[in-house]
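As C-alpha cells, one chain now follows by itself in the form predicted on its own.
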Amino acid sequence: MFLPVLLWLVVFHYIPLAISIPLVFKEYDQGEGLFNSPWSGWDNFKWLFTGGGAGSSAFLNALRNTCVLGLLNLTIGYIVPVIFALIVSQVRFKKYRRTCQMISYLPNFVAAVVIVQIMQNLLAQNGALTTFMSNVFGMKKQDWVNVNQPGFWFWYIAFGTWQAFGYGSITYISAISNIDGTLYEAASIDGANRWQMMWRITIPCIMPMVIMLWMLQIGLVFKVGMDKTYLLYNASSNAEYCDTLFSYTMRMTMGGDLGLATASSLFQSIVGMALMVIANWLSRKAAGVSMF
C-alpha cells in the first residue's frame, strides 16, 4: 500500500531535488539548458547575502521577515489552538460544543485568495476593522495591508491564526477526550474544581503531544507565508515587511533566475532540517518525547 506513495515521493520530490541542486552552482541560461549552463561556484549565495555588492539584499530582508513571522506563529499562532481546545473541553453541552467546533473549522477551508481579499477589505484605509481600531483605540487610519510598518506582521499573524486555530485544535480536543475519566472522578471526590482539574490533569496529559507538534512546527518555520505573502506582496508599498523567503523564491523563479531561486530554496531546506534536529534533541531532553 505504501508503494504508490513512495513512487510519488521519488518522482515529484527526490528526483527534482537531485536535478535542481546543480542549479545552485550554475549561472543558468535558458538557451544553454541545465547541463550546458556555465558553473558559477558560490556566486548565487554571495548575491543572496550581499545583494550583489549593492549594500543591501532583498533576500536578507525576506529572511528577517520570515524569522519574525515564524516566531510569532510559534507563539501566538500555536498557543491559540491549545487554549481553544482547553476551553471547548470545558463546555458541558455537547451540541453547543460541536457547533463551536464546526464554526471554528470553517475558515481553514477558505482559499488563501479569499483570506487575502478579506484582509484587504477589512484593513483598507476606510475598512471596517481599520475604522473600528481608529475610533476605539485611536490607531492611525491607514491601509494596514499596503504599509511598510511592523504592524503588518501583527495583522498577518492575526488573520492566519483566525484561519487555522479551529482546525489546529482538532488534535488537542481528541487527546483531551481520550484522557482516562477516572482521573477526573478521583479529583472531583478530593474536592478539586474544574480549573484545578484542567491544570493538574488535562494539561499534563496532553503536554507530550503539544511539545511534539510544536517541535514539528519548528521545522516548518521557514515555510511561513507560503501563500498569503506572495499574494499580498507589493513592491511599491509593503515589500519591506511583507516579503518572505517563499515569496522571494517564487519571484526569482517566475523571473527566470533559477540559480538564485534554487539557492534560496536550498538554504531554507538546510536551515529547516537543522532546526528540526535541534528541536527534536531539546524535546527528548526536556520532555522525553521525540520523533527520532
Partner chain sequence: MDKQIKKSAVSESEMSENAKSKLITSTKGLKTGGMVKAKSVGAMIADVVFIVLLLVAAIICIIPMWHVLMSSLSQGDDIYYYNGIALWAQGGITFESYGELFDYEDGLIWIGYGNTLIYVAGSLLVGLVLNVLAGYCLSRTSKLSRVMSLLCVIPVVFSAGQAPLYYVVNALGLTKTYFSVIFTECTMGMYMIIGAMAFRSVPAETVESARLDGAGHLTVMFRIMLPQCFSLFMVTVLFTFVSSWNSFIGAQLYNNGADEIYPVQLILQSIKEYSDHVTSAVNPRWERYPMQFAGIVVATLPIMIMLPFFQKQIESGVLGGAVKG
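Only a predicted model underlies this, so the values are computations on that prediction, with no experimental measurement involved. Rigid core here is just the name for the largest C-alpha set that superposes within 1.5 Å across the two forms. Positions refer to the first chain, counted from 1.
The same protein has a further form, the form predicted in complex with the partner chain, not shown here; the description that follows concerns it.
Chemist: Go through 58-66, 221-229, 40-48, 234-242 and give me the stretch that gets within 4.5 Å of the partner chain in the model of the complex, heavy atoms only.
Modeler: Result of the contact check: 221-229.
Chemist: L6, I15 and Y167: each with a heavy atom within 4.5 Å of the partner chain in the model of the complex?
Modeler: Verified in the model of the complex; spot residues all in contact, yes.
Chemist: Determine whether any heavy atom of L275 comes within 4.5 Å of a heavy atom of the partner chain in the model of the complex, and answer yes or no.
Modeler: No, L275 sits far enough from the partner chain in the model of the complex that none of its heavy atoms falls within 4.5 Å.
Chemist: If we define contact as a non-hydrogen atom of the residue within 4.5 angstroms of the partner, is A279 a contact of the partner chain in the model of the complex?
Modeler: Result no; A279 lies far from the partner chain in the model of the complex.
Chemist: Quick one: does I103 come within 4.5 Å of the partner chain in the model of the complex, counting heavy atoms only?
Modeler: It does: once the partner chain is placed as it appears in the model of the complex, I103 has a heavy atom within 4.5 Å of it.
Chemist: Would A111 sit within 4.5 Å of the partner chain in the model of the complex, counting heavy atoms only?
Modeler: Looking in the model of the complex, residue contacts with the partner chain include A111, since a heavy atom lies within 4.5 Å.
Chemist: Could you list the residues in 232-252 that come within 4.5 Å of the partner chain in the model of the complex, counting only heavy atoms and keeping sequence order?
Modeler: Contacting residues: F246, M250.
Chemist: Aligning on the core only, does the CA of S236 end up 2 angstroms or more away between this form and the one not shown?
Modeler: Comparing the forms between this form and the one not shown, which are aligned on their rigid core, S236 does not shift its C-alpha by 2 Å or more.
Chemist: So, superposing on the core, is the move of I270 at the CA at least 2 angstroms between this form and the one not shown?
Modeler: It does not, since the I270 C-alpha is displaced less than 2 Å between this form and the one not shown after the core fit.
Chemist: Checking C67 here: with the core superposed, does its CA move 2 Å or more between this form and the one not shown?
Modeler: No.
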